[in-house]
Each structure stands twice: as structure tokens, then as C-alpha cells.
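Only one chain is given next, in C-alpha cells, and it is the form predicted on its own.
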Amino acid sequence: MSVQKVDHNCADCPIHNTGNLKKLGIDMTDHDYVVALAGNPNTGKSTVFNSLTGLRQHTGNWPGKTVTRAEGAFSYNDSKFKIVDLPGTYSLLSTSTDEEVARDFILFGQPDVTVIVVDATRLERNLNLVLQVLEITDRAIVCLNLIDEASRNNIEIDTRTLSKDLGVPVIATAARTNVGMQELISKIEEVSSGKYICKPHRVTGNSRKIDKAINDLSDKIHKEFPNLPNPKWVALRLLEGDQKIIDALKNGDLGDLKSNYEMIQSVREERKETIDVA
């Protein structure tokens, strides 16, 4: 399988993994950047997708799945963006087919930006997915949709403070009336091209033993795979025995990585030791 070499020293370079996207059924021919659209059900995600893409969209199924995939496109500042509408999910724990599809696309496809659509009237409920996405990728935007409904319900949200707390842009929109959509498009271009550097919030608060195991293992992962943007998240999945992540490290699906069987064996042994200590 061919993979795109990721050069994190090039601020303007796309970070998506062309080889993995092809494996996931996404053709990047004639497109510069790929955008993932994620969100809980009933957040207006489809309306955001339609507003961004207009009539330039088509549907199909994910390879080997019965889950429908919608793709669209738009152009901005001489760049062409492909948008992939992921299944609506409440989490990325991979306990259902929809969750698996969404997680795998963000993890293996490494989109240039993931736009997380949230319901402004139910922000707290939606933040669970936001925080999970921010554990996987360091390029994300929160689309605070249905801001008009929030206003009618006397709900006010300080987008600047929320953006500062999350470490990523937060754009207030009402996609049905195109409010905020131009600002969202502009921010998609900035994050995709590397003009805007996100510093996403990462969840902390594990026990000392777990934190030590995660940090030790993530250091080893980072040394072997320096291009991996989320070594701590991968370390946690390995400690939990996520076979798909173990296999992904072995076959290079996480990016421009070298397959290292000895590294995986070491990871497995350390995971066993950590579980015994706990």
C-alpha cells in the first residue's frame, strides 16, 4: 500500500494520507485538501454539508460497509476541498459500525481538518464527541451550529472563551440561513493549509500509574514513529488491547511509518506488565 509522506516541517503541506484515503474509497484526484465532517445526530450536520457543497456532492457506501457515505466539494482561495460527511455518532469508541467508520477515517485518513458540528442548544451533551476527536487529531474546528435556535432560547455562548479552552477555532453558524458559513469556509482553509495552528485540549486526570504507563509508551511510540500526531491516544488504545490499533502500527496505516514487529512485541509486553501492576 502506498502512503503519502507527511512533512510536518512544511506548514502549507496537506497532512492527509493519500494511500489510506484511497483504501477508504476516497479519490483525491483534482483536490488539494480533505475535510471530515463529524457530529452527533440531529446537530444540523447534513445542512452544514449541503451549505458547503451545494450540488457538488454524491453518495455511496464505505468499502465493505452498508453505511452510506456522502462526499462533496468546494473551492476557496485557489484550493479545492473535498468534504466527507461521516456518520452521525455520539462517540468514537468503535462500539458500532458508524463509530468505527468515523474513527477510522479521522485516524487513518488523517484529514487536513475535521469539522465537528455541535448543537448550540445542547453544547454540554455534544462536547463528549468534541473531546474524543481532539484526542485523535490536532487539526479541528468546532462548528457551533443552530446558534439562531440558541438565541431564541436565551442561550449565550462565549465562542472566544470556548475556543481558548478547546484550543481550536469555534465558529458560530446557522447553516439553514448560511449565517457564519463564509467564516467557517475561511477557517477551514486556514487550518487545512497550516496558517492556523491548533493546540487542542487533551483530557487528563488518570491515575499516576496509568499516566506513567501512557507517557512511557507514548515516548517509545514517538521515537519509532515521529510523524504520528497522537502518540498518547495510540498508547492508551494499545494498553486497552485495541487489536486494530496494534495492526495499524504494524502495517503502517497510521501514516508514513516503518513496520516494526519488535516494537509491537515490546508494546504488548509492556501492556501486560502494566495490567499486572494495576
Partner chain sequence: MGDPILALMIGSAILVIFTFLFFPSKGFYFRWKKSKNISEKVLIEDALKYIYDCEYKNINCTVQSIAGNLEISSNNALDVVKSLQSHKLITSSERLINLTEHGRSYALKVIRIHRLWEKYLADETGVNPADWHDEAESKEHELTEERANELAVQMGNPIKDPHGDPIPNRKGEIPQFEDLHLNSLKANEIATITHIEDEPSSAYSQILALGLNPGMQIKVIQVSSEKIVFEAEGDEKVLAPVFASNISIRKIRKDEKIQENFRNLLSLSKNEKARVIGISRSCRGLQRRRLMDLGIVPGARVSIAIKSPSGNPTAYNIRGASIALRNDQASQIFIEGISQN
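Numbering follows the first chain given and starts at 1. Predicted model, so just to flag it, every value in this text is computed and none were measured.
Not on display, but discussed next: the form predicted in complex with its partner chain.
**Student:** Might residue 241 be said to contact its partner chain in the predicted bound form, defining contact as any heavy atom within 4.5 Å?
**Tutor:** Yes.
**Student:** Might residue 90 be said to contact its partner chain in the predicted bound form, defining contact as any heavy atom within 4.5 Å?
**Tutor:** Answer yes; at least one heavy atom of residue 90 falls within 4.5 Å of its partner chain in the predicted bound form.
**Student:** Given that its partner chain is not shown alongside this chain, does residue 125 nevertheless sit within 4.5 Å of it in the predicted bound form, heavy atom to heavy atom?
**Tutor:** Because a heavy atom of residue 125 falls inside 4.5 Å of its partner chain in the predicted bound form, the answer is yes.
**Student:** Is there any non-hydrogen atom of residue 94 lying within 4.5 Å of its partner chain in the predicted bound form?
**Tutor:** Looking in the predicted bound form, residue contacts with its partner chain include residue 94, since a heavy atom lies within 4.5 Å.
**Student:** Though its partner chain is not shown, can you say which of 193, 121, 186, 79 has a heavy atom within 4.5 Å of it in the predicted bound form?
**Tutor:** Answer to the contact question: 121.
**Student:** Should the three residues 71, 172 and 199 be counted as contacting its partner chain in the predicted bound form, with contact defined as a heavy atom within 4.5 Å for each?
**Tutor:** Not a single listed residue reaches its partner chain in the predicted bound form, so no.
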